[in-house]
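A lone chain, given as structure tokens: the form predicted alone.
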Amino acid sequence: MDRFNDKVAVITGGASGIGLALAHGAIQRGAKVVIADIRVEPLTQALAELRDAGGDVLAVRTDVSKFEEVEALAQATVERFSKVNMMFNNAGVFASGLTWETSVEEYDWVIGVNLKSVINGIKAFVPRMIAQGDDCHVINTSSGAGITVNPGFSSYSMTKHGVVALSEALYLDLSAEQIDTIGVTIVMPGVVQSKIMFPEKTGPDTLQTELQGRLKNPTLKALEQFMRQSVDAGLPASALSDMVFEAIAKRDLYVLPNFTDEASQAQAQAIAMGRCSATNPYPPLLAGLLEAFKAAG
């Protein structure tokens, strides 16, 4: 798909951050857009912003962790625009935590938003794309944490690794079934200017005490302080959006924008080599990361 005019793009997590930047990118390229988000007020504000930018836009409040709501999103899209060409499974949340202290309820929340949402998006939209028979594309937002792991990332890295594997499986299944009308792209941003570092804004009421209490742990506090500084100085979301649409046009499987420096590449390669050679890569990586935490603090 190298032409986007009059295509229909659905974007979950579309009310802010990367999702909103993708929505602007789609509109700039002539596509019609459906944005989905669980938060009503930001969704309403994003709808107004995108329409002011000249977009033909539909907004649908959606809990992406629930299949019936994602299915309803697909139905609303087809009712409004008669088709769907690009499905951006973009919704995501991050909350640091220790593996043994994170509650089952918090794990369920992160799994629901980060991983189950992608399953739901594939189940609801891919059959429609196959039936259409025209050029379509599935874009799943994973993370650099989909190929690396850091302390405090238990729920986040687990789900983002899952998104990578699920997306690769989708690509292989489509290829094996000789369905060549649907492309797949996995977006794996590292530090991109977004709102993901504030889980209190999106977390359910029942988890607010746990989410707000996580920073009592000095390591987690240092981790998030380091991450927020990196995100604030990171790649603009609009620049990532441009990279994603270029990848769609080229039918690239991967978008990995923040792993171009030697340190990031060395970390990812060390972890990958450690896994395939059964060699523990983590002691030196952890030592370097803890030093970075101290410097940021």
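In this text, residue numbers run from 1 along the sequence as written. Since we're looking at a predicted model, the values are computed, not measured.
There is another form of this protein, the form predicted in complex with a small molecule, and it is not shown here; the text below is about that form.
Mapping the unseen interface onto this chain, residue 191 counts among the residues with a heavy atom inside 4.5 Å of the small molecule in the model of the complex. In the model of the complex, residue 123 stays away from the small molecule, with no heavy atom inside 4.5 Å.
Looking at residue 15, you'd find a heavy atom of it within 4.5 angstroms of the small molecule in the model of the complex. Although the partner is absent here, residue 211 sits far enough away that none of its heavy atoms falls within 4.5 Å of the small molecule in the model of the complex. The contact with the small molecule in the model of the complex, taken as any heavy atom within 4.5 Å, belongs to 113 out of 113, 84, 222, 186. Residues placing heavy atoms within 4.5 Å of the small molecule in the model of the complex fall in a single listed stretch, namely 198-206, out of 177-185, 127-135, 99-107, 198-206.
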